[in-house]
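Take a look at this single chain, the form predicted on its own, given in structure tokens.
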């Protein structure tokens, strides 16, 4: 007679065999003790949502495989592409881009040697390096000295942060406003650092959807709040100047994490404080 299973055991099915749950013919069930599970109880719900994990699953026969435990890549640990550039390297970048712009001018039928265009390639190169200065900083550099322990549970909202970015599909500008809100969990982030996070990500080749998510994830990882909300509304010159040519079009994207996703009232409070109309 099979021994009775202890109430302290929790069963987790193989992710590839959920339809066999609790049937004798199902693959081996993985047993996790509650005392092991309790170690996760100290993690905030948002942190648990932000980090993915997987379990090892075994199948009979030649199909046996193991899925390793994985952690979501950290936004804070990402290195900026030009973070270690020296002045010499920067000058070399500008020189290379300058030559490229000279070729572009000649390719569109212009004369890059005429008076009005003599200095244009270098000016354009320096401007492009500035427009993409977000590659010179990592998020950890921005927030590391601005995280403070504070017994605050009220919503923090910073709204209408100006952003200017370059669409990575056409390398033409898109620009607009960002509103950010979060519910602290014993820690707060310096207010100016929220704008700095927005600046770092927006000063890279971007798409608005990714930009919105990156801002939310960076704040979530930095201070592990109970929730983060980000709304971005922009005008895209690739839609206004070319393609559809819809002059008054605007694109709105949002990222809701933690309680902002789970609790409609919290989400509505953020939209109200930010002066944002619900979608």
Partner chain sequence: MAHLSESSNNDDINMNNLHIEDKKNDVRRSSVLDEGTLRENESESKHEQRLDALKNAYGIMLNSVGEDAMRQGLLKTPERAAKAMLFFTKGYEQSVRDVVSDAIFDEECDNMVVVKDIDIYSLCEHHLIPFFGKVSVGYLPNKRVIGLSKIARIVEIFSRRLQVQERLTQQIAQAIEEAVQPLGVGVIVECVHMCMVMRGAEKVNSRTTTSAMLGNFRHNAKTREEFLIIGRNSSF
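Residue numbers count along the first chain shown, from 1. All of these numbers come straight from a predicted model, not from anything done at the bench.
Keep in mind that the form predicted in complex with its partner chain is not shown, yet the notes after this line are about it.
J.: Would you mind picking the one in 187, 93, 140, 159 that has a heavy atom within 4.5 Å of its partner chain in the model of the complex?
T.: That would be 93.
J.: Within a 4.5 Å heavy atom cut-off, is residue 213 in contact with its partner chain in the model of the complex?
T.: Judged by the heavy-atom cut-off of 4.5 Å, residue 213 is well away from its partner chain in the model of the complex.
J.: Using a 4.5 angstroms cut-off on non-hydrogen atoms, would residue 148 count as touching its partner chain in the model of the complex?
T.: Contact with its partner chain, no.
J.: Can you tell me whether residue 203 touches its partner chain? I mean in the model of the complex, with a 4.5 angstroms heavy atom cut-off.
T.: Yes, residue 203 sits close enough to its partner chain in the model of the complex that at least one of its heavy atoms falls within 4.5 Å.
J.: Does residue 153 reach its partner chain in the model of the complex if we count a contact as any heavy atom within 4.5 Å?
T.: Residue 153: no contact with its partner chain in the model of the complex.
J.: Identify whether its partner chain in the model of the complex is within 4.5 Å of every residue in the set 165, 171 and 241, based on non-hydrogen atoms.
T.: Checked in the model of the complex: all three residues contact its partner chain.
J.: So which bits of 93 to 122 sit within 4.5 Å of its partner chain in the model of the complex, heavy atoms only?
T.: 93, 96, 97, 100, 101, 104, 105, 106, 107, 108, 109, 110, 114, 116, 117, 120, in sequence order.
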